[in-house]
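Presented below, as structure tokens, is a lone chain in the form predicted alone.
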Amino acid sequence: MIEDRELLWLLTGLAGTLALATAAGQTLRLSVGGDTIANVNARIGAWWVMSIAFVAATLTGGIGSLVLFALLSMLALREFVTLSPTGRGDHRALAWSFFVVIPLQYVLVGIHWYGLFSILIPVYGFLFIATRIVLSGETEGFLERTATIQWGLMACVYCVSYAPALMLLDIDGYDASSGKLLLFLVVVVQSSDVLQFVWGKLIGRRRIAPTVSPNKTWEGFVGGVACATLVGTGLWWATPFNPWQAAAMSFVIAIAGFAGGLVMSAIKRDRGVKDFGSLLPGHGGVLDRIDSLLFAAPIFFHLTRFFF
């Protein structure tokens, strides 16, 4: 890390941003107080924990990131299926999902077997889960139960696995294994989330999908995506992209992140819950924090792999 000045600058900027947010939150707590400020400070505290874990995994290289994201996939899938309709006949399919499919997916990423890890879940997992469940003999709610597990594997495992896969790309003249490309993805996507919230609170008027996510407005969406694009453009030096390419990539993954968050919000509304879990104080569950990465990670991976 000391020899990689670009990575050092990225991590210093991340720590500095969190430090400023912490100072501002504590100042507001003393001067204003209230439940809203307390909630904001709880979120900042959770971000410190998540950032430290993420940075530690990144600095260990590909193995550390694979382990971290495999754990995140397990926790996210657990949250997903807990809120979804499953029966006793699905237990073996779920056991296969947790103890075979998830480890195998990340092993394939780790050994760079792109051809198989890119189709393991959408093809073989899709077919196997349906077969395993039908062998239980329970036909009531079969379609919904099967689709729930298949959807959970796609969202919580398949899509998430593309994030650490960024560190395994072979890009001429660029060391993807340093984790800078992964940091770029996370910073842009999370910046878009935060800035959409801020702009929405400041000038938001017209809601995008009131019945799905009442807090998302067109003004917040445009402001957040535009600012996240600027953030990504400013970080072009840490990527294999030139400034305009970084801007285009940032714009695309910010849009994809918004779509992922909105889709997962629809699932929460369908299940009648506010959050997928309560593991992270002030943040809900793991799936609540990585929902924007679900769509952004695979799109960013394939765009980078195809063009660079």
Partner chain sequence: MTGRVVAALARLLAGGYVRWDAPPPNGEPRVYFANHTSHLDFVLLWSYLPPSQRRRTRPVAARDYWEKGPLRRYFINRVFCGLLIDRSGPDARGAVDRMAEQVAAGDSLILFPEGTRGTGDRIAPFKAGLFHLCEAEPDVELVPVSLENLNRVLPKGELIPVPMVSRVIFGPTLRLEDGETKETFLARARTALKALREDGR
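Everything numeric in this text was worked out from a predicted model, so none of it was measured. Positions refer to the first chain, counted from 1.
Separately, the form predicted together with the partner chain exists; it is not shown, and the next lines address it.
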Discussion item. Given the stretches 230-238, 95-103, 158-166, 171-179, which is the single one in contact with the partner chain in the predicted bound form, using a heavy atom cutoff of 4.5 Å?
Written reply: 95-103
Worksheet item: Considering Ser213, Gln190, Ser118, Thr86, which brings a non-hydrogen atom within 4.5 Å of the partner chain in the predicted bound form?
Response: Thr86
Worksheet item: Ok, Leu185, Val81, Leu195, Leu72: which has a heavy atom sitting within 4.5 Å of the partner chain in the predicted bound form?
Response: Val81
Fill in: the partner chain contact at His91 in the predicted bound form, heavy atom, 4.5 Å
yes
